[in-house]
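Here you'll find one protein chain in two forms, each presented separately as structure tokens under the names structure 1 and structure 2.
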Structure 1
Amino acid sequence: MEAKRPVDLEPSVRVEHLHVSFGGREVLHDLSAQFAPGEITVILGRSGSGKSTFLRALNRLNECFPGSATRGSVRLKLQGQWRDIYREALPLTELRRRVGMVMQTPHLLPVSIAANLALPLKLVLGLPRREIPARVAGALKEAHLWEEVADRLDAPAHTLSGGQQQRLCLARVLALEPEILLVDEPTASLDFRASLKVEELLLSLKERYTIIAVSHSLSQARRLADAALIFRDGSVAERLSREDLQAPDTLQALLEEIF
């Protein structure tokens, strides 16, 4: 069930023959895929199928784990130029700024709401102090969080609700002006209402970013995805369009195969 891609969407991410192993055990096997801006691609698959490993391969976070080894090509279009991130000398700090990632569990700095954004802006971008408040406010607005926290920016970040914490993490990524967003099960620990807010946020962002998201929820994938990749045993087993995901026969097949 191979989906046809719109001809006018030029990919911004091209992955070819990717292999990733840890301690000699291969997790991703000869994986190839491509992703376009203006779309949300959702990756589905059973636990252990390589979904999170694949996301981390796109900004070289697998290298944080001992014994990791990567072969193949990951080419990203950053600032209008194609960069092969495993063959070119692209500083990891710059790569991870351009390819921002939001994890399953919010990882907040033990400081205030504002400082969670201000510190990376100062340390990573070296922004002058006078420019930081406007950038913080802009990122919080983009993350649909400004109205909820504008009057308590100096409050500890951990006083936010779970959904607000996740949107703060996303705001922190957005403040660094990425071009690609990697989202690893961002609503796994949230209730339904908080999950819907995060989903609405992602839908509002997709026109400006290439978004690749991992999800364990088929209903979430149906709400979010312009395309879906089905992972099986470290490879792409199938690519589905939005229309495929809405079709009753596809739904039943996915429920039986994955969920």
Structure 2
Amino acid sequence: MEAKRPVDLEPSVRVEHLHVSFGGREVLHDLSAQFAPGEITVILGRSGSGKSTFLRALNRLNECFPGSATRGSVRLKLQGQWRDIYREALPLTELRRRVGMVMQTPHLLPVSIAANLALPLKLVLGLPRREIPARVAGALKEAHLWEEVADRLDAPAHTLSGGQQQRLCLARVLALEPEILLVDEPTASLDFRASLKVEELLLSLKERYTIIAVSHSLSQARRLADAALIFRDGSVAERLSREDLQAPDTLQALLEEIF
């Protein structure tokens, strides 16, 4: 089952001494971590341990919240070039288009299902109108949503079920073809079968992206992860390899640690 991977991949995300605070209250403390392309790194940790905040630090989305402050360095390899996103004048729009994020709860645009994908394609990628429908359909198929929405693409997106909305958000990010994919509990509102589908999708995508996924399910982490980070109180308590995750005694220790 274990696919062959090149050992010691050159990382594509380097985080060093990251501090994030909201209104003076520090949420992430001196956090350092690395992530490699072609791998899925799963972040595990208690509620409130800063997992979502960490993902948002990688596309500078914390700045959309009042009173946020970030220190430390986050360097990303984008288009073969290292970019220090908090120092360099990399435009935010460019950064966020290259670092795609699916948030913990579906964040829809208040437009139709199709327009949720078409609008970013038009505004962010500047795609010509005639290329958009094919791209929309492709992304919806990739996210296993196409069959369910093909006959109502013009319906308001909020009429979809929670799980469908989540897959819509995933499709929307995939359509933009980012380089780094941040997914925050992508299967939170999916049933088991649908979760497996999304996991399958993530596994099939990992060749092309650096994937960082937050999960609250240990079994999911074992199915997905090439590496896992255990977050505790805003910093990385432990880093586990795929082999560590499969070992039964680490499992027991983890269960007590996290849950």
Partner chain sequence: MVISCASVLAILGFLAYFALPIFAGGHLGEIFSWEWRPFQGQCGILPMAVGSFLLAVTAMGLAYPLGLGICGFAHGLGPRWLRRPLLGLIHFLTSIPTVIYGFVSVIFLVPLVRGIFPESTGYSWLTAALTLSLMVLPTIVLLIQAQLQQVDGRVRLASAALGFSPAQTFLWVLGPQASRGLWAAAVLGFSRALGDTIIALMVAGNAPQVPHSLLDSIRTLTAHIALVVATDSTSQAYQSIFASGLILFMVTTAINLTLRRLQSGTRPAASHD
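Not measured: the values here are computed from a predicted model. One-based numbering along structure 1's sequence throughout. In this text, the rigid core denotes the largest set of C-alpha atoms whose superposition between the two forms falls within 1.5 Å.
Each structure shows the same chain on its own, and structure 1 is the form predicted alone. When each C-alpha is placed with whichever rigid part superposes it better, Thr210 ends up alongside Asp84 in the two-part motion between the two structures. This chain moves as two rigid pieces, and the smaller piece turns through 15° between the two structures. Fit the two forms on the rigid core and the C-alpha of Leu109 turns out 3.5 Å off between the two structures.
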